[in-house]
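Given next, in structure tokens, is a single chain: the form predicted on its own.
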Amino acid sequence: MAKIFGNFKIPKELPLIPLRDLVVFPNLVVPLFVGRQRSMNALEKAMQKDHLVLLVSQKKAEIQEPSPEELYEIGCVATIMQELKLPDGTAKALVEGIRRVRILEIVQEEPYFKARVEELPEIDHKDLGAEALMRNVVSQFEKAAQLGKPIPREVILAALNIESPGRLADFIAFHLSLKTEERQEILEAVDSVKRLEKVNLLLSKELEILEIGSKIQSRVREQVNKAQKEYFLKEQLKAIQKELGGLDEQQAEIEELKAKIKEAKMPPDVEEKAMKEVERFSKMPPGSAELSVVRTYLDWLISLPWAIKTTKKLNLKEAAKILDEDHYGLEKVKERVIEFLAVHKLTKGKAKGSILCFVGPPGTGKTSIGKSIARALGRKFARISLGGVRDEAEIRGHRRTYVGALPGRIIQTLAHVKSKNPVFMLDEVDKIGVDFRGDPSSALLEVLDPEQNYSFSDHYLEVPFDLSEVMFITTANILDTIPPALRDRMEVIHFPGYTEEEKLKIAQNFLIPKQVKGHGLTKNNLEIKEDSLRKLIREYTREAGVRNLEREISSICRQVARKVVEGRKKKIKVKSNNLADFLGPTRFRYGMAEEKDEIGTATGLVWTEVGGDIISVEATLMKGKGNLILTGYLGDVMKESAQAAVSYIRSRASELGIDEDFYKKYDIHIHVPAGAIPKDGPSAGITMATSLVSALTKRKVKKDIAMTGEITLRGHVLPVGGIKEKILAAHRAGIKQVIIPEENEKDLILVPKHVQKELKFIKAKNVDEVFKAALEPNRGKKATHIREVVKA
């Protein structure tokens, strides 16, 4: 069964060609380029039979081989008027649309699409309303052509001669620059008047855009004409003045400088000095060597943001959201930053409080927190690194008497960011040096002191500049090297470093997605399992931050990228058992507790710049004359702790069941393994005392207990630092009990709750409590002689 349209019979089943970025309408002739194999097969089939083909648009143009679901339901039956085979194997066809049809079913997909269709009735009625709408559409079409739309004159004439509303809608929709989705909407509108109304709406929108563009073009033309007119007038004025012996080029330059000084809105005293410099400049002969010096000075004055600042209403909830987006963990740090911003909001930025100083190990997010604060405040972000700076002129600038003099880096950076109230980060403030060129840290005192920096004087400018609206933030790895006067002006916020769980979350949520995207990969190329991440954190990196962790993830991504380029299509999964294939053998020994109770070996807890760790302190005795031998690359403070421990044990020898003359008969050797790594600090005092008492009494030290604390000659246990990091290290190593000084109990609030639940804490006030908890009980056998103990 077939229906007849004109002289064509439209079968119920037709070969189908999917179209990309093209919609064909009835009664319109369109050139068609066919390149895909299935489309070529459909074209050949149509040419062999009745020259009829179904043309349907794809929903997504980028898909090379669409499935039936990715085609629109309504298309257009067309007759192939001409076909031309091209040398590259493709074909060009000239087709004419006949009727709208709906696809009922795709009956065949290979070697070409074949669809069963039904015709859509053409509802074409014309009344007074439709006539008015047609005239309006044609009028707007003509207007669009007048506004610069690339529409040929013959197309306008053809539109004027169309009497059917439906055909007019199709004709104009075809010649408008519409999206494929919009043209498809026109094709799917069966009612001719409704179809014309849609075209009218789209045409009105296009006309509005063209009118705006025309206004912009007209405004630009006017400005260009005005600028050209001003240029010609100025050139004429120059010529007249030259004839009359008036202004020359230098004079014109002077007038320009004066205008810029007025525009800069400098304070009155600064503007007065600038004008005096301009007067000096005007009186200098053209060949003077000082001419360029004065001109450079004026350029620096003009370039500074004397009155330019960024303003944004601060929202604390938004600020907290930004901090959480950019950083995982660091809850105490974020809380303190939010408090700081709250005070900043209440005082409208005029609070003369302390300068924030972020102190912590490398890679813990100090600099990036500063960037997040700038985002939250809506301010510009400025940063300078002070690491290795030894010249005071880097901060205050050089005197203008020197050749090549420049302002200091504070003024230079402000001129660059063009804002007088940025968030200004001074990185590595603990690494400033001192030599014969001055003390940069002393120069920073004026910069960071809210009572002074409202009139900061740079040696080059020699005029005060207000720094009171700048939010200064400093960063450092350690506090010890920062001069006390400078440290007193800053409020220190400690960045404690990340726990293993925090590193894991940071890697999963931030580092892996960032590196995968940065290396051109997708989730389908690479998957790093959680167990491999833990192994990577424990055995390939040793740091408080995540910088090296990111480098190792980057190394994995590079290797995966190479495999993908070489043709690997299967997803690569990185597990703990194949991690060495990507990164080689493990680099660090993951600290583990002792395997069994030992004599003369105690487990201590230490803090380093890369976080907490556990160490074994070994003590052994040899016949000798009472020498104390200390090895393991120990610092002076740690050596003194060992001496204090020996002195305490000698004073309590009888109570501890030890021969009181042991120090006369034996040499004592205390060793801390990993001898290539420098160690210092007093916190290993009780550990050394425990290992020595164990060696002297032959009482074993419990394998599942670790300790930290400073020892005094009276046996008191004094508090130490880094409690959180040390306890986390003990937890990682499988320790069950931790001895800490009683005064450090308050620091347990910083330790994660799940870690506190899994460990038993012994708060020691004196060393006897430590011995009682760490040493196995003496079974009633008092040591009658002392022998050498084999080291663990």
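From 1 onward, residues are counted along the sequence shown. Since the structure is predicted, the reported quantities are computational estimates derived from the model, not experimental observations.
Unshown form predicted in complex with a small molecule; subsequent notes refer to it.
This chain appears without its partner; in the model of the complex, the one residue of 336, 418, 344, 327 with a heavy atom within 4.5 Å of the small molecule is 327. Residue-level contacts in the model of the complex: of 702, 514, 542, 459, one residue has a heavy atom within 4.5 Å of the small molecule, and it is 514. Residues within 4.5 angstroms of the small molecule in the model of the complex, judged by any non-hydrogen atom, belong to 503-511 and to none of the other stretches in 149-157, 703-711, 465-473, 503-511. When contacts are judged by a 4.5 Å heavy atom cut-off, residue 368 counts as touching the small molecule in the model of the complex. Using a 4.5 angstroms limit between non-hydrogen atoms, residue 361 touches the small molecule in the model of the complex. A residue is said to contact a partner when one of its heavy atoms sits within 4.5 Å of a partner heavy atom; residue 424 fails this definition for the small molecule in the model of the complex, lying far away. In the model of the complex, residue 135 stays away from the small molecule, with no heavy atom inside 4.5 Å.
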